[in-house]
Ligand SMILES: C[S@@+](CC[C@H](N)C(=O)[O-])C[C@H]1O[C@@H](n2cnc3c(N)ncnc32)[C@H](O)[C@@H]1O
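In the block that follows, a single chain appears as structure tokens, in the form predicted on its own.
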């Protein structure tokens, strides 16, 4: 991600988190993680919630009695997490492009919900390399990413600056994946689940891929 896109992304998400009502009572979960409850419940280490945003997945994980480390690039998002979920083990503000502030093999389960589709190819590979580094052997990453069919949320719109990557009107970038993209970027993991699905949490239907991978 070049500098102006990185700065635009931070401004955009800080504005989003300032404008939304993120009181705990307004936060809703959807059922996308339920399929992987057995994996989540087996984790003896805290679960890492990357790009935690308003805390939808943090709330779900806490409801399952898991310790959670919630992370986001937006300080506003992290402030909201700390206010709404004082029981989280830790809430950390960092940009994934700068590397992860965790030791090798620190986690058994990582959640990456709609946060891995904002990078160019080299940055995507670097972020996935960091995820692999901090996972234990046999550990899992459970993720969702934009589909190339997600026309309601920008697929095919804007200036294409890289294959399947578009610059938005806000100056941020979005990547949209097809199945071939996913298998290519996740080739250093074993894919245990991969399915294109729809999500109805937003005003307009969203098409995405739900994926679960294991570190070899």
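Numbering follows the first chain given and starts at 1. The shown structure was predicted, so the numbers you read here are calculated from the model rather than taken from an experiment.
Just so you know, the form predicted in complex with the named molecule exists too; it's not on screen, but the next bit is about it.
Which residue, 128, 110, 115, 88, has a heavy atom that falls within 4.5 Å of the named molecule in the predicted bound form?
-> Among 128, 110, 115, 88, a heavy atom within 4.5 Å of the named molecule in the predicted bound form occurs only for 115.
Quick one: does residue 52 come within 4.5 Å of the named molecule in the predicted bound form, counting heavy atoms only?
-> Yes - in the predicted bound form, heavy atoms of residue 52 and the named molecule come within 4.5 Å of each other.
Determine whether any heavy atom of residue 121 comes within 4.5 Å of a heavy atom of the named molecule in the predicted bound form, and answer yes or no.
-> Contact check for residue 121: no, nothing within 4.5 Å of the named molecule in the predicted bound form.
Give a yes/no on whether residue 24 approaches the named molecule to within 4.5 Å in the predicted bound form, heavy atoms considered.
-> Output for residue 24 is no: heavy atoms all beyond 4.5 Å of the named molecule.
Could you tell me if residue 56 has a non-hydrogen atom within 4.5 Å of the named molecule in the predicted bound form?
-> Although the named molecule is absent here, residue 56 would touch it in the predicted bound form, with heavy atoms inside 4.5 Å.
Location of the named molecule contact in the predicted bound form, chosen stretch of 80-88, 67-75, 102-110, 130-138 [non-hydrogen atom, 4.5 Å] | Only one stretch passes the 4.5 Å heavy-atom test: 67-75.
What are the residues of 77-107, in order along the chain, with a heavy atom within 4.5 Å of the named molecule in the predicted bound form?
-> 94, 95, 96, 97, in sequence order.
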